[in-house]
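Quick heads-up: it's one chain on its own, the form predicted alone, in structure tokens.
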């Protein structure tokens, strides 16, 4: 019988059951369950790691060894919006440090310091695969290419003022982006609703209106 975590939402309990049932060994479901724990708690807390350990039949230390390796599993609280500025070589040469400084000064935060009580958390990250559109920035893992320091400031002001419920990469690219790696395909009207990567089957995707601004919080 599949274990459940009683303090998880019903939807996340059901997702956890389906995930575990899809693997021949429960422990193989570790990373998807860490994602669900992030969706439930907004980050992978010590309690969340103990919960995932209970579901998979392994120790909390084994869970921690995986959660601490992958940077997208946050170990501390973040705001509603996680702004990730790429500082790898292509973005660095394109002025990413200036973009990062502009973001930091706009929100009064320091990269790498999570602040759950604030709406926006900033971090610097390694390559996010948009070298041709450097400098590149993500908000809740939704991409913007060709960002300047001035556009970065405008982005922070927009997030603070409008508090969009859904983060749409096409909308942000139109408002705050510049040169792209390549011409994007059709417009995507779905995006992230939490500061974790959007993934439809796990309930972390929402719809919005590109160009008209997504609904405010």
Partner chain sequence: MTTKILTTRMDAHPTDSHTLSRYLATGGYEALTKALTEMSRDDIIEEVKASNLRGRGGAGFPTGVKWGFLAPDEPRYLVVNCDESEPGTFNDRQLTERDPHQLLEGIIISSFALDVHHAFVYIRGEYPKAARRLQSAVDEAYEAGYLGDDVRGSGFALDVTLHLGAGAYICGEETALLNSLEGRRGEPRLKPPFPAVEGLYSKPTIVNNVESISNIPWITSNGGAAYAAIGPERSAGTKMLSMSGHINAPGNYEIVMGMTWRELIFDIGGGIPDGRALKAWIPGGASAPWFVPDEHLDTIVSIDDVAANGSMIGAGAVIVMDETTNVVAAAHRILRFFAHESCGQCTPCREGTSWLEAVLKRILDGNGRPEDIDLLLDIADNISPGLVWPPLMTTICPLGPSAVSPITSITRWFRPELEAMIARSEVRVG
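Keep in mind that this is a model prediction, so the values were computed, not measured. Residue numbers count along the first chain shown, from 1. The term rigid core refers to the maximal set of C-alpha atoms that superpose within 1.5 Å between the two forms.
The form predicted together with the partner chain exists for this protein as well; it is not shown, and the discussion that follows is about that form.
The closest heavy atom approach of residue 197 to the partner chain in the model of the complex falls within 4.5 Å. Among residues of the shown chain, residue 165 is not one whose heavy atoms approach the partner chain to within 4.5 Å in the model of the complex. The partner chain in the model of the complex is not approached by residue 106, whose heavy atoms all lie more than 4.5 angstroms from it.
In the model of the complex, the partner chain lies farther than 4.5 Å from every heavy atom of residue 174.
Every member of the trio 124, 131 and 186 reaches the partner chain in the model of the complex with some non-hydrogen atom inside 4.5 Å. Checking 53, 153, 66, 42 for any heavy atom within 4.5 Å of the partner chain in the model of the complex turns up a single hit: 66. For the stretch 50-88, the set of residues having any non-hydrogen atom within 4.5 angstroms of the partner chain in the model of the complex comprises 65, 66, 68, 69, 70, 71, 72, 73, 87, 88, in sequence order. Relative to the superposed core, residue 180 undergoes a Cα shift smaller than 2 Å between this form and the one not shown. Core-superposed comparison between this form and the one not shown: the C-alpha position of residue 19 differs by no less than 2 Å.
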